[in-house]
Every structure is written in C-alpha cells, then in structure tokens.
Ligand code: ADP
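Only one chain is included here, represented as structure tokens and corresponding to the form predicted on its own.
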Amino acid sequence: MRKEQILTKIEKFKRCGQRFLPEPVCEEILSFYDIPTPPAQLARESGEAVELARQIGFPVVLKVISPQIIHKSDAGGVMVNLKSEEEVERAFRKILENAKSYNPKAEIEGIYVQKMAPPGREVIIGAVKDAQFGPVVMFGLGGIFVEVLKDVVFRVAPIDEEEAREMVDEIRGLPILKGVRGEKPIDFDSLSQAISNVSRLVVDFPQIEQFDANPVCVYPDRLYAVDARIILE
C-alpha cells in the first residue's frame, strides 16, 4: 500500500459518512508505517474462519467487523484465546448472534481472525488533532492502566525517535518497562520507532482526528499493536 492508496481509502470512507475505519484497514495503514500487528484475516463464514485459524496458528482472537459496532467488546463481538477449530466455530456463531442482538440493523462485513499475541507489557500509543497545536502524540501505560493510572505524556507531532524515547522515559511506570523481579527490559528501540512513526502518520494524513493503538504489547525483542482505532474528522 502507498500513501496515495491510503488517501483514496480515507476519502472513500469520508464520502460514505463513515468516521471509524475498519480494523483491517487500520492494520494495513500501520503496516505501511512499519508498526507490526499480529497476523490476521477477515472471514465471512465459519468454515473460512476455521481454515484461517488453522493457517494462522492457535490460539486466535475473533472480532466482529461492522461500521455500526464501534465498541466490539460492549456488543459481545470479541472472543479471545480460542485454542481449537471447534472453539472457533462456536465463537463465530456466538459473535454473530451477539452482534445482531446488540444492533439488529448492523451490517456485518465479516469476522476478523487474529493471532492471539502472547502476554507482554501493555502500552498505548495515541494521537489527537488539537485545535491549537494540530496533531499531538500521546504515550503511556496501556490496557486497563490507561483509565486507572492516567500515566501518559504528550508531544506535538512530528517527533523523531530520540524525542519518542524521551516520552517513554517520562512516564511514572518506566520501571515496569525496564523490568521488575527478573523480567528483561522491553525493546525500547522498537517502541521509540513506533511512537515516531505514529507521529508521521497523523502528520501525513490531517484527515485523522484521533488515533489509538491499545494495547501495544511490548516484548524484549519486538512489539505488536494488538488493537488499533482511527477516527476521521
């Protein structure tokens, strides 16, 4: 995918009045900016989901993809840690049932079959378009810690990898990333690069009003953006 193709997709969604980009499109964009995501593909029926899970490798996560269902978990549209073909088939049917119950008018584009990332230290990388400063990048501890601890820092975009590393060093939870009780430190270079690349993304596409990747699971040798969201103006 090239920048021109990304712009074409963004403009297409804007013309349709759709502000939330589907997760498969978000991950295509992240791939262009060298931000790794777990292997994933879209399935439109249960047999296809089973075959994709077999190819990707268990365990997997299933997520509903629908323009009318933004908060998938609220709709019962996410099933995690599926370890067998039987579990995938049951989860596929259950997610469709939940989605239709949540919003009978929802258009279901398919079910996303994604490799389940191993446990890692969770961070959030985000950005928002500020009326005064333009795109602003945010970084902090991710997962449930975002709401509880609010341990986040901000920079006006774009930033380079050195500035991104300074952001990482500023959070109160830095010792968690450095490793406690014998844990190895995370891959700070990959994390700094990812933060810098997100800053380039939101500068390149001013149509983006809000971006967040949460959680980003970081390991001693790599990272994965497990879940990403892009909201257009």
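In this text, all values refer to a predicted model and were calculated from it rather than measured experimentally. Sequential numbering from 1, following the sequence displayed.
Not pictured, yet referred to below: the form predicted in complex with the named molecule.
Asker: Do heavy atoms from each of Lys3, Val25 and Arg200 fall within 4.5 Å of the named molecule in the predicted complex?
Answerer: No: no residue has a heavy atom within 4.5 Å of the partner.
Asker: Give a yes or no for Val61: in the predicted complex, does one of its heavy atoms lie within 4.5 Å of a heavy atom belonging to the named molecule?
Answerer: Val61: yes, in contact with the named molecule in the predicted complex.
Asker: Might Asp151 be said to contact the named molecule in the predicted complex, defining contact as any heavy atom within 4.5 Å?
Answerer: No.
Asker: So in the predicted complex, is the named molecule close enough to Lys83 to count as touching (4.5 Å, heavy atoms)?
Answerer: Looking in the predicted complex, residue contacts with the named molecule do not include Lys83, since no heavy atom lies within 4.5 Å.
Asker: Even though the partner isn't displayed, in the predicted complex is Ile124 close enough to the named molecule, meaning a heavy atom within 4.5 Å?
Answerer: Looking in the predicted complex, residue contacts with the named molecule do not include Ile124, since no heavy atom lies within 4.5 Å.
Asker: With the named molecule left out of view, choose which of Met138, Ala106, Val78, Leu96 has a non-hydrogen atom within 4.5 angstroms of it in the predicted complex.
Answerer: The residue from Met138, Ala106, Val78, Leu96 that makes the contact is Val78.
Asker: Heavy atoms, 4.5 Å, the named molecule in the predicted complex: which of 44-52, 170-178, 28-36, 61-69 makes the cut? Say which one.
Answerer: Flagged stretch: 61-69.
Asker: Does anything in 202-233 come within 4.5 Å of the named molecule in the predicted complex by heavy atoms, and if so which residues, in order?
Answerer: The stretch 202-233, when checked against the named molecule in the predicted complex, contributes Asn214, Pro215, Val226, Asp227, Arg229 at the 4.5 Å heavy-atom cut-off.
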